[in-house]
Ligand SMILES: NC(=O)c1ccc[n+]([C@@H]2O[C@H](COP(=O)([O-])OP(=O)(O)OC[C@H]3O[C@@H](n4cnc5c(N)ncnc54)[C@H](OP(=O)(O)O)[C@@H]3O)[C@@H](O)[C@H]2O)c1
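As a starting point, one isolated chain is supplied in structure tokens, in the form predicted alone.
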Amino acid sequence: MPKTILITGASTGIGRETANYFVKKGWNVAATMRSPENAEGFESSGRLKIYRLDVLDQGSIDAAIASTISDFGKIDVLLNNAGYGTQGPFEAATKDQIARQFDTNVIGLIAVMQSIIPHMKENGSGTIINVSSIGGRVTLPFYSLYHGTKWAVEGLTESLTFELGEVGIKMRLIEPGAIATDFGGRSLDILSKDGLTGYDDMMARFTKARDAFVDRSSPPIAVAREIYKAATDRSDRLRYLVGNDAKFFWRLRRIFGDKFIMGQVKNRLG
């Protein structure tokens, strides 16, 4: 019997690529998104179904999980992929922007996990894969809120390996570097404030360095392959880095420490 994965934030980018990849691998796929009526670019298959799920709407979470179980029998893997980023001076962030960033990337992720854990406990097995980022282990300026959410996801997921492991549920973290998706486009929330000064020169240097970095982005399929590896891995491995950039920056931090990697960021920004 084919296994089933439920994916949040599957409308574009990593989510959609992963949905199509798992279908090709013979899995049942519940591709969920806020606006399923706009879904496009998915494999045509009876093993892929699209459901509405907004991580900020508990009713939609419960309905999507129930529909997936009804259609496919059980859920073997949850991929928490829904999320977005904010960029700009921390000083410019409004309370609404701060709340939305953490509600979507952290509180919503928690809500989906809490809703699906009872089902996995009942089955005696399951895997929860949370999409983090190399930004959950190494930081850059002007992404402070986004980094805050990803560091939260890292700690949350690592802690849950202990207690959920007791009931047969494995935890995984996917940590991509720069990926060629819409992360830096329409899904990015820009933090700005009229009259705010003091950051312009640094922002210009950062933007130039970031653009050169993004030009070397890995394709979404690289993340999809690593997610499949995490979903089928029988070991207790927790973290899966994706992309040469992510592996490079983490290696620098692990070997040389915080002071060195932060110095490297400063040097790149002049």
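The first residue of the shown sequence is 1; numbering continues from there. Nothing here was measured: the structure is a model prediction, and the numbers come from that model.
Heads up, the form predicted together with the ligand isn't pictured, but that's what we're talking about next.
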The ligand in the model of the complex: contacted by all of 11, 55 and 81, heavy atom 4.5 Å:
yes
Touches the ligand in the model of the complex: residue 122 (any heavy atom, 4.5 Å):
no
Contact flag, residue 114 vs the ligand in the model of the complex, heavy atom cut 4.5 Å:
no
Tell me, yes or no, whether residue 86 is in contact with the ligand in the model of the complex, where a contact means a heavy atom of each within 4.5 Å.
no
Check whether residue 225 has any heavy atom within 4.5 Å of a heavy atom of the ligand in the model of the complex, and answer yes or no.
no
Using a 4.5 Å heavy atom cut-off, which stretch among 229-237, 23-31, 55-63, 202-210 contacts the ligand in the model of the complex?
55-63
Answer key, the ligand contact in the model of the complex at 4.5 Å (heavy atoms) among 139, 161, 127, 104: the residue is 104
The one option of 189, 91, 182, 71 with any heavy atom within 4.5 Å of the ligand in the model of the complex is 182
Using a 4.5 Å cut-off on heavy atoms, what residues in 123-141 are near the ligand in the model of the complex?
131, 132, 133
